[in-house]
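Next up: just one chain, as structure tokens, the form predicted alone.
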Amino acid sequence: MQAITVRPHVAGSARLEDIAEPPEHDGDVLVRTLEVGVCGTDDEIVGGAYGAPPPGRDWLVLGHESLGEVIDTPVSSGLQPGDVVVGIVRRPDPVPCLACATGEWDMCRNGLYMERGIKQLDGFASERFRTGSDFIAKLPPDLRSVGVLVEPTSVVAKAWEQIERIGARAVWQPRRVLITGAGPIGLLATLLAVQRGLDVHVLDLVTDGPKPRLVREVGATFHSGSTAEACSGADIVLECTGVGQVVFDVMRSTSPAGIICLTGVSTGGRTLGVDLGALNRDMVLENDVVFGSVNANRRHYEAAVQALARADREWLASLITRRVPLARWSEALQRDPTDVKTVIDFTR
């Protein structure tokens, strides 16, 4: 079968090649791949920034945003051939730590977890893949056309769960939320905020293209000015850019008892001049919380499916701005200024 492979830490090594069928030890559910989404993580792995192959070899099958159709599965799985599914990315560590032992592998304590298409496990960018029935999420049939969005939505579903848990520390009636960044994660975070009935504002650098329109169509307000202006009065901030200056700007601008969730991963290597003493004083005196959130467990995938099922299908479909046939897979890794989400189509 054909698969997109890469040698981690070797820039430019990604290629489409024939590999063996997925081994049975990968899981008891055999899936035909329909689509694989492309994100910044894939770009960085292909660029040689990080990634780890399975033990015993130097290459990795790429892809962690999946959509597939069940080919074969045991009756005990609760699935049947033809079901539309998404593979769950992370696997618990083998020790396991306290979090992984209780199904909270997204909160792994010792870092020994594995991730499909990222760390020590082959990804989903092959014509077929296997996975365990405990690591798969079933979708309603009418989500098939947008189901590749489930994995990124699971990331923001977890972020919102954590925000709401922190908010429950006191009497809490949030009204205004700011999302920084109108990429796929930012737009999906916006969707979940709108579904919660909040006054949602989105900040991004762009002033044209699909992003401002998508923000407005989902019922939020778009900003392209200063962070302080957009953040003024925000009870919640979801920071989805990873830009260091933006992170510090929102930390200075929230309402008292503000909650800031960091989902964007910074590249590092840039020094900022920040008055840490003043920042510390304000956070302490205002009971602010800043925390990071990454990845998701099964509960968050299920919440993502529910959120997408409630969303407008046309709006969700418009997030997928390019579908690239498998034979032209490399085009999906070439960013276009009008891209929101690019998908590799394994059926074409």
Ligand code: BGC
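Keep in mind that this is a model prediction, so the values were computed, not measured. Heads up: residue numbers just count along the shown sequence, starting at 1.
Absent from the display: the form predicted in complex with ligand BGC. The rest refers to it.
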{"query": "In the predicted bound form, the one of I179, L149, V89, A125 near ligand BGC [non-hydrogen atom within 4.5 angstroms]", "finding": "V89"}
{"query": "Answer option from V70, V290, C39, L316, heavy atom within 4.5 Å of ligand BGC in the predicted bound form", "finding": "C39"}
{"query": "Exercise: N295 in contact with ligand BGC in the predicted bound form, heavy atom 4.5 Å", "finding": "yes"}
{"query": "Contact flag, H300 vs ligand BGC in the predicted bound form, heavy atom cut 4.5 Å", "finding": "no"}
{"query": "Non-hydrogen atom contact E104 with ligand BGC in the predicted bound form at 4.5 angstroms", "finding": "no"}
{"query": "Any non-hydrogen atom of D83 within 4.5 angstroms of ligand BGC in the predicted bound form", "finding": "no"}
{"query": "Location of ligand BGC contact in the predicted bound form, chosen stretch of 89 to 97, 194 to 202, 230 to 238, 209 to 217 [non-hydrogen atom, 4.5 Å]", "finding": "89 to 97"}
{"query": "Sequence-ordered list of residues in 117 to 138 near ligand BGC in the predicted bound form, where near means a heavy atom within 4.5 Å", "finding": "I118"}
